[in-house]
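This document starts with one chain, in the form predicted on its own, laid out as structure tokens.
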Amino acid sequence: MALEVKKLVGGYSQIPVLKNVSFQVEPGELVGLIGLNGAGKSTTINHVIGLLRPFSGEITLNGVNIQKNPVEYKKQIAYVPETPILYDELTLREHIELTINAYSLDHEEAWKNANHLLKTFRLDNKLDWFPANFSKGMKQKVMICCALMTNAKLLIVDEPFYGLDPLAVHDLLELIEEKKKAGTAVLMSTHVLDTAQRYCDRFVLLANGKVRAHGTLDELRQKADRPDESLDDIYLSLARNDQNE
């Protein structure tokens, strides 16, 4: 198994946001991390990428524990944040070079991959542009290119669709499908549940810092006793029940 989160308790202060969160992401599958605002999605992702230290529990990636061996763990991940983070003083070309150096990639092969991605997102003629020249959507595309050009075992994508035009969303989903076929594990946090329903293999539904349900769409329908309903309807039903308990 690629990513395993086991009995994770964590948050930003003394009071835990996450309460015994456990789930897995296997190689070659896309798992959707679903939840309302405040459910714990971003906190979960911040633990998975190593920005937060768990109060208790374990996070391992291909057997490497993030706390015991953070360098080896982080070499295996690529991350696309919800809000693009670029270096104002570096051109797009220099961002690509920085990614190559950070991941110790083969220079020629990495540029071949990068050029394919840049062309897909219509950025191939903007290599000498600085971030100040880019729209929010273009900055997001730069982040996506830098993440997907790596050989990361785990790709983490946080709310990837905001700021992207419909063509870019389609291109991103196709590229994620290619990564899956190559054996990459993908964890995606999103509010866009109709898209998640179409593309994710499994789902982890968070509510109030707990895993309310997890599994395939059919398994979630069975758990909620709603055999024909959409992911959106199932999540809202489970979240309301959770609030009422």
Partner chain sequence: MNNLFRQRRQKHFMELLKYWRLVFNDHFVIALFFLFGALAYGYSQWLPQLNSHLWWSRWLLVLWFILITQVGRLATLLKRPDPIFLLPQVTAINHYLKQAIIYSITLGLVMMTALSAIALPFALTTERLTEIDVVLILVTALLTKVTWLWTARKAISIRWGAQHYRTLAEYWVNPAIVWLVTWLGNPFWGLLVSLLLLIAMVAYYRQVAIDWRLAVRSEQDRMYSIYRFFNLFTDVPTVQGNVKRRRWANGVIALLENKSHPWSYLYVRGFIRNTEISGLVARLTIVGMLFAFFIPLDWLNSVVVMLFIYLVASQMIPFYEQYRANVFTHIYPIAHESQVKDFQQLLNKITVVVMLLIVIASVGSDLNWQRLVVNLVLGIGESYLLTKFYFQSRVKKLAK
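Positions refer to the first chain, counted from 1. Remember, predicted model here, so these are calculated numbers, not experimental data.
Missing here is the form predicted together with the partner chain; even so, the following discussion is about that form.
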Residue stretch of 193-201, 24-32, 45-53, 212-220 approaching the partner chain in the predicted bound form, non-hydrogen atom distance within 4.5 Å:
45-53
Non-hydrogen atoms within 4.5 angstroms of the partner chain in the predicted bound form: do 81, 87 and 97 all have one?
yes
Within 4.5 Å, heavy atoms only: does residue 130 come near the partner chain in the predicted bound form?
yes
Wondering, does residue 102 line up within 4.5 Å of the partner chain in the predicted bound form on heavy atoms?
yes
Verify the contact flag for residue 167: yes if a non-hydrogen atom of it lies within 4.5 Å of a non-hydrogen atom of the partner chain in the predicted bound form, no if not.
no
Could you confirm whether residue 75 comes within 4.5 Å of the partner chain in the predicted bound form, counting heavy atoms only?
yes
Which residue, 172, 110, 143, 123, has a heavy atom that falls within 4.5 Å of the partner chain in the predicted bound form?
143
